[in-house]
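Just so you know, structure 1 and structure 2 below are the same protein chain in two forms, each on its own as structure tokens.
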Structure 1
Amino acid sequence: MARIDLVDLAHSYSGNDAPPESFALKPVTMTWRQGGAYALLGPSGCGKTTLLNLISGIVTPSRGKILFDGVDISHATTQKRNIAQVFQFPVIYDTMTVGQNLAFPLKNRGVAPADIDKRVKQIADLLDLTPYLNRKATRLTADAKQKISLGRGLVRSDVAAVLFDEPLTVIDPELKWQLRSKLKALHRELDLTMIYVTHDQTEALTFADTVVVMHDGRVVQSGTPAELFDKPAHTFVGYFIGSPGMNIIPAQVGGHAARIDGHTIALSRRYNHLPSGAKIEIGVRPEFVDIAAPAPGLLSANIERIDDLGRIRFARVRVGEAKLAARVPPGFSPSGDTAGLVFDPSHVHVYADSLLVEGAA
């Protein structure tokens, strides 16, 4: 069990001399607290697996440090780090039974047979694998195999962190949900640091108390699911999380107002010193834009279509060049192709070069 600190950690697969832009993981400094449930979320190729492999020691960092409880283990072997990792595809030792699979890491470390038996029983119980202990592991289903992979990590009592690399990829949908609940239960029970890599926001948001969003080799935001939703720190987070994603619209911002397409929208905060020359955009989630009948005070938009998601309806509209999604209030039915847009000022954020700008009160 450990707190994990990353200090200016960066990695390039083509060595330290590669141009900074080509790094698979750009320099990051952050802390993962002991006992936290983290999700590393991002599209394929964003560097999340690289970060995971750096923590597990499969990859050695080009620069920076990794500390486990304050001890530098950047160059320690995987074995010394005492981490457990569950891979995308189940890794099972074919010739062994479930019990032997679970005992393998302990046997390798020379633990006394009596202790191994006790620990294996305990973990098998925890993972509901007891009935299968004497079965060959190859014949089990994918979800049972993933449990075994997890069990091989948990069986070591001193495990510092459990890492998951998209572990539910090969699992059937209804079992996915079960296994995820199992993981959450285990997390509460065992007080382990868990890091879960995924590109599926539902998985990330339901599993983790802290979600770390990565984009293009950078950690762009780390926060609770609510924070990511309410206050995306980067336009990418706004766009990537939520369905549909956040509306990002180019605008001119000054004081308490933003101008879009010649129209002024009120902002709840004051923005006076925006960096000059930066690309200024406003971001607002579709949930906080309502469409209404066209009126002189409202930004007018062309309705392209309306998506009915059951509990909520979203209109896809166009304002000049920009495409937006907006909520259709219950009971409202637009007449004709044009509509007015009503923004909720407290949920309109301002971004300069894709980064969130904090306004003054």
Structure 2
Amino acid sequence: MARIDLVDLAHSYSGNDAPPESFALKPVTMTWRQGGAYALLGPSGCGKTTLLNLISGIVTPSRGKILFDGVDISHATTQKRNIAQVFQFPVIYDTMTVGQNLAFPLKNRGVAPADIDKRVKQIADLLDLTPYLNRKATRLTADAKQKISLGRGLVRSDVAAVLFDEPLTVIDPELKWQLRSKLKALHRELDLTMIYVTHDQTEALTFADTVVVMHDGRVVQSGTPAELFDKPAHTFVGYFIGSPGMNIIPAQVGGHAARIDGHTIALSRRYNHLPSGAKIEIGVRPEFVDIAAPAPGLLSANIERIDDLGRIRFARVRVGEAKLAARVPPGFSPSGDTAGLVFDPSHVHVYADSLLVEGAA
């Protein structure tokens, strides 16, 4: 188990002399505590698997350092890093039994047979694999095989960290939530540093204590699920997290007000010194914008459709060229194709060139 420090870590598959913007991973400095549960979240091609492979040793960084408990392991082999990695597809031996598969990493390290038996039984029990310990792995379902793969990653108690690279991709959607819950329970039980790569926000937010959001090779925000939802540091985070994502709207901002399409929206904080020449936008989640009957002083919007999600309804509306999502209050039914928008000032954020501006109280 280890604390992991990334110091100005960056990587280019085209060599260190490649243009900085072409790097698959732009420079990142951050610390992951021992025993933490982390998720690397972002769309395909954002750099999350590159970062995972740099930590595991599959890829050697172009720049910067990786420290395990203060020791520089940037150029150490995967074996010397003492990492366990679980991949997208199950990595198991079909000709072995489930028990033999789980025991294999321990046997390779010369662990005493009695200790192997004890640890295999513990992991099998945690993963609900005990009834299958004496069965050949080849006859099991895909989700059971992935459980074995997870178990092989978790069976070693001395690992510095366990890395998961989209491990639930091949699992039936109905079983994914069960395995996510199981992984969370395993983390609490085993006190291991776990890093989980995914493009699925539900997987990331339900598994991790800290979610690292990546975009275009950069870490754009790291925080708890609540922090990412309530206060996105970058417009990409606001848009990517949430369903629907945050509304991002071009605006003119000054003092305690934003102007959109000729209408003024109150802000809870004061903005008097925004960067000159920056692209200014406001961001507000659909949960904090209500549609209402058209009225003087309300921003007017054209309703394109209403999505009924059972517990909540969202209206898809248009304001000029901007498309937004807004909550339909319980019991409210629009009388036509036009509605007013009511914003909650305490949840309206201001962004300059996509970065959050704090404002003054």
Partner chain sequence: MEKTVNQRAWFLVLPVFLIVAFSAILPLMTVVNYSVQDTFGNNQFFWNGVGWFKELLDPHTDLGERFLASVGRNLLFSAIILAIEVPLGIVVALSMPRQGWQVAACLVILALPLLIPWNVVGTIWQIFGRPDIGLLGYVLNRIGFNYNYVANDLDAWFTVIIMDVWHWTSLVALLCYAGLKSIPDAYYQAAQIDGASRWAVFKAIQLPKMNRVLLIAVLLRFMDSFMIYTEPFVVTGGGPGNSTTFVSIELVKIALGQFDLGKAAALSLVYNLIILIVCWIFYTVMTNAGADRPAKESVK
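Structure 1 provides the reference sequence; residues are numbered from 1 along it. Keep in mind that this is a model prediction, so the values were computed, not measured. Rigid core: the largest C-alpha set superposing within 1.5 Å between the two forms.
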### Task
Return 1 or 2 according to which structure is the form predicted in complex with its partner chain.
1
### Summary
Listed options R218, K121, V91, A185; the one at the hinge of the rigid motion between structures 1 and 2 is V91
## Note on the structure
A C-alpha superposition of the larger rigid part shows the smaller one rotated between structures 1 and 2 by a count of degrees equal to 11
#### Entry: Following rigid core superposition, Cα shift of P131 between structures 1 and 2 in Å
4.1
### Distance the CA of Q100 travels between structures 1 and 2 [rigid core superposed, Å]
3.8
